[in-house]
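The form predicted on its own is given below as one chain in C-alpha cells.
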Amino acid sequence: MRLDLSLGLILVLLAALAPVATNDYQLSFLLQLLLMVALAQSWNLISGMTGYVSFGHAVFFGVGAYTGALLLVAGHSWWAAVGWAALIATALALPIGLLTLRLHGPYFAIAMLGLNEVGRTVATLWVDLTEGGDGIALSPALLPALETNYYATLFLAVLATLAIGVVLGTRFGLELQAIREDEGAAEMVGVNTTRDKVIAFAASAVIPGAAGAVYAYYTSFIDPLSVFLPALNIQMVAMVLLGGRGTLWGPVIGVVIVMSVRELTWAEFPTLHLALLGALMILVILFLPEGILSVLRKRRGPGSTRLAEECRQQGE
C-alpha cells in the first residue's frame, strides 16, 4: 500500500509539472493518455471488478460530451457543465444498470453494445437538440486553455485511480470480486449481488460523463460518430485486459503501452493501430489472461518472499 501511494504521488507530481516542460503537441498527447486512464479505470470498476464485460461504456462518454457542449453553449460555466455531465451520465446509468445487469455473459455485452448504438442514433436523429450529423462546434471564446483541460483530465485520472484503490481495500470490493469469480456462490454467502452491481455500474459512469465534457472542450467539436465510438469501447477493454483487470495499476500500464504504440504508428499508418489493437487483444486473451501485472507480480513474488524470510530470521 505504501509503495502504491508513493508511486502514485510521484506520478501525479510529474504529471502536474508537464505543462512547464512540454510543448502543446506533447501536452495534448499526455492529455489523451490521461483521458484514457480515466476511462479505463472507470471500465475497470464494473467490468474488471465484477466480470460483466461492457462493450457500451462509451455511451456515458457520449452523453457527457453532448451535455457539456450544450450547457456551455447555453451560457453555463465550464465547471458547472462538467459537473452536470457527470451527474446526468450517472443518473442514466442507474435505470440501465437495473435492466441490463440481470443479463449474464455475452447477453450483457451485446445489450451494452446495442445501447451504444442507441445513443449514437438518438444523437443523430434529435436534430433540434444535437444538430444531428452536423455536430456541435464550440466557439473558441467559450473554451478553456489547453492547460485547464489538461489539469481537469489529470484530476479525473487521479480520481478514477483513487476510486479503484479505495474499492479494492473495502468489503464492497471483495464482494465485487466474489461476483466475478462465482456470482452464485457470492449470493449463497449473503452478498447482495444486484445492489453491488448496480452501485458499481452507476459509479463507473461518473468519470466517463465528466471526461466526455472535457473532451468536447478539448476538441471544440463533437458529432455522434466521434463520441459514441465503438472503437473507444474496444480500447478500454484492451487496455484493462492488457495491464490486468481488477487491479490498481493494470489499466495504467495498459494505457501507456497502447497509447505509445498508437502514437508511434498512426502518423505513417493511420489505421494500423486498430489492427494492432485487435491482434493485441487476441494475444492477451490467449497467453496473458490475467494481464502483464500478473506476470510482474509472479516474477517479483519469489524475491519478495525470500527477502521477507531473511528479515524474519535476522529479527529472531
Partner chain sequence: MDLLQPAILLQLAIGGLLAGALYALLASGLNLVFGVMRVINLAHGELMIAGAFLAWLLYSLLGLHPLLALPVAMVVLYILGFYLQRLLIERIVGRDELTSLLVTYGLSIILMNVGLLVFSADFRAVPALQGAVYLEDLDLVLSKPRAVAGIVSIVLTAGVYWFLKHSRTGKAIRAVSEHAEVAMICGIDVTRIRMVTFGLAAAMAGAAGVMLTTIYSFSPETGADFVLKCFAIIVIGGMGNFVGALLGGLLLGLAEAFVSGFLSTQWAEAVAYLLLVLVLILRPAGLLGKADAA
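Positions refer to the first chain, counted from 1. Predicted model only: the values in this text are computed from it and were never measured.
There is another form of the same protein, the form predicted together with its partner chain; it is not shown, and what comes next is about it.
**Q** Looking at L94, L103, A137, L129, which has any heavy atom no more than 4.5 Å from its partner chain in the predicted bound form?
**A** Contact check passes for L103.
**Q** Work out which of M259, L30, V53, I253 lies within 4.5 Å of its partner chain in the predicted bound form, going by heavy atoms.
**A** By the 4.5 Å criterion, the partner-contacting residue is V53.
**Q** Three residues, L146, L159 and S294; all within 4.5 Å of its partner chain in the predicted bound form via heavy atoms?
**A** Answer is no for this spot.
**Q** Looking at heavy atoms inside 4.5 Å, which stretch does its partner chain contact in the predicted bound form, given the options 108-116, 148-156, 73-81, 205-213?
**A** Going by heavy atoms within 4.5 Å, the stretch is 108-116.
**Q** Are any of the heavy atoms in N233 no more than 4.5 Å from a heavy atom of its partner chain in the predicted bound form?
**A** Within the cut-off, so yes.
**Q** Quick one: does A279 come within 4.5 Å of its partner chain in the predicted bound form, counting heavy atoms only?
**A** Contact check for A279: yes, within 4.5 Å of its partner chain in the predicted bound form.
**Q** Please determine whether T124 contacts its partner chain in the predicted bound form, using a 4.5 Å cut-off between heavy atoms.
**A** Yes, contact at 4.5 Å.
**Q** Although the partner isn't part of this model, could you tell me whether V166 comes within 4.5 Å of its partner chain in the predicted bound form, counting any heavy atom of the residue?
**A** Close contact is absent here: in the predicted bound form, V166 is far from its partner chain, nothing within 4.5 Å, heavy atoms only.
**Q** Which residues from 230-259 come close to its partner chain in the predicted bound form, meaning a heavy atom within 4.5 Å?
**A** The stretch touches the partner through N233, I234, V237, L241, R245.
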